[in-house]
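Single chain ahead, written as C-alpha cells, the form predicted on its own.
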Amino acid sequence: MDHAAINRAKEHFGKLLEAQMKRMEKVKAAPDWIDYAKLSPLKIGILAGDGIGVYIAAQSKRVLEFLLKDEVKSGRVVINDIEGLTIENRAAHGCAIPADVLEEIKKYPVTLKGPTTTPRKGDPWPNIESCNVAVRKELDLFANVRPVRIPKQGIDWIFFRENTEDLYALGSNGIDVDADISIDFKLITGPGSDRICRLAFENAKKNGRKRVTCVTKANVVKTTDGRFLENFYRIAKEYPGIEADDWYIDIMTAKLVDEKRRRDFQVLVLPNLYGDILTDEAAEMQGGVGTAGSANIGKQYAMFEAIHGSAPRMVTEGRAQYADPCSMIRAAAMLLSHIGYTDIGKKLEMALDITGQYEKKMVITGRATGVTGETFTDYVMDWVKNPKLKDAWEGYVKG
C-alpha cells in the first residue's frame, strides 16, 4: 500500500475543504438582491466568447440594440462588448478568466454570453477550468434557469439547475491518487441547496404554477443528493399551495419523452450535473440546443447565455456565418424580462417560437444549404416589429 500517495490525497482533499468552508462564509454573508430599476445607467456587457460565439453574439447584440434603442439613446441603458474570453487569451494566461477580464465583467451587473471552449484531455490547450463554471463561481450565479416551451404539445417547463456546486464545482480539482486510482469530488451544501430550491418555489408562486419537482439520484448517491432532496422538502413546507414531488434522474430522462406524463411537469429543480443533462434533452425536443437559452442568476449579477458549445470546427471549415443564433437570442429575451422589460422579452420569445417552430420560412442548417445567422436574425426582428405578432402566435399555438 502506497501510504505516501494516500497522504498526498488527504492533503489535497483538506485544501479543497478549507476553500469550500471559506466559500460558505461568503455565501452566508452575501448582499441581498440587486434592484435594476435603481441603476442609472443599466450596463449590459456582451461576452462573445470564441468559436461561433463571435458570430452569434454579434447578431444577439444587434437584437438588443434594436429592442432597447430608445433606452440606449436616452442613456438609460448602455450595451458594450467585453473582450478577452477567447480560448487563446485564456490559455495564454493559464486560467479560466484572466484577471483584467474578470475585473471588467464585474462592472456589468448583466451580461449576455456566447459559448466558450473548455479544453478536454488531449486538446492542445492547458487543463484550465471551464470559463462558464469560473464565471458562475466568481459572480456567485447560483441558479441556472432554462425554460423550454413547445406550446403545441402543451409543454411549458422551467428548469432550475444549481450552478455552483456538484461535480462541476470541483471538476478541475480531481486527483490521480496513484497509477490505478483517480478520484473526483461531488459537492452539495445546505445553503446552496436551500437557495436554488427556494428560487424554484418562488418562481412557481409568482407565475401561478402548482407543481415543483426535484430530480436527484438520492437512492444511490445518498449523502450529497440526499442532502439536496432533504432540503428540497424542508423548503417545500414554506409553500403549502404548491405540490412538491421528486424523481430519480434516470427515470426522469424517460418521462420527459413520455407523451402521457411530460405535460404534467412544470418547475423542476436539480443539482448541477443532472440539470445539465436533462435540460439538453429538453432543448432537443424544442428544436435542438441551438434554440434554447439560459439564465445564470445571482443576487448581484446575472449572465444570460447560449447553452451549446463553441463549435470550432464550423469556424475552421469556413461556415461560422451559418451558425444558429437562436439560443443566444432567446437568452437575450430572458435578459430583457429579468431587467424589467417583460413585454419586450415576451415579444421576442413569440417571434422565436413562430420562426423556429411554426412558420419555418427560413431554416438554419449550419451550412450553405440554409440561411445565415444574420439573415435569420433579420427574419426574427421583422416578426417582433409585426403588429400582428401576438395574434399570429396564438393562432399557431391553437393550430
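Predicted model, so just to flag it, every value in this text is computed and none were measured. Heads up: residue numbers just count along the shown sequence, starting at 1.
Beyond the structure shown, there is the form predicted in complex with 3-isopropylmalic acid (IPM), which is absent from this document and is the topic of what follows.
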Practice task
Can you check 178-186, 219-227, 194-202, 125-133 and let me know which stretch has heavy atoms within 4.5 Å of 3-isopropylmalic acid (IPM) in the predicted bound form?
Solution key: 125-133
Problem - Residue contact check: R161 to 3-isopropylmalic acid (IPM) in the predicted bound form, 4.5 Å heavy atom - result: yes
Problem - Contact label in the predicted bound form: E165 to 3-isopropylmalic acid (IPM), heavy atom within 4.5 Å - result: no
Exercise for the section: Would you check, heavy atoms only and a 4.5 Å threshold, whether I307 touches 3-isopropylmalic acid (IPM) in the predicted bound form? Expected result: yes
Practice task
State yes or no: in the predicted bound form, is some non-hydrogen atom of E71 no more than 4.5 angstroms from a non-hydrogen atom of 3-isopropylmalic acid (IPM)?
Solution key: no
Handout entry: in the predicted bound form, the one of T86, T118, Q266, T111 near 3-isopropylmalic acid (IPM) [non-hydrogen atom within 4.5 angstroms]
Key = T118
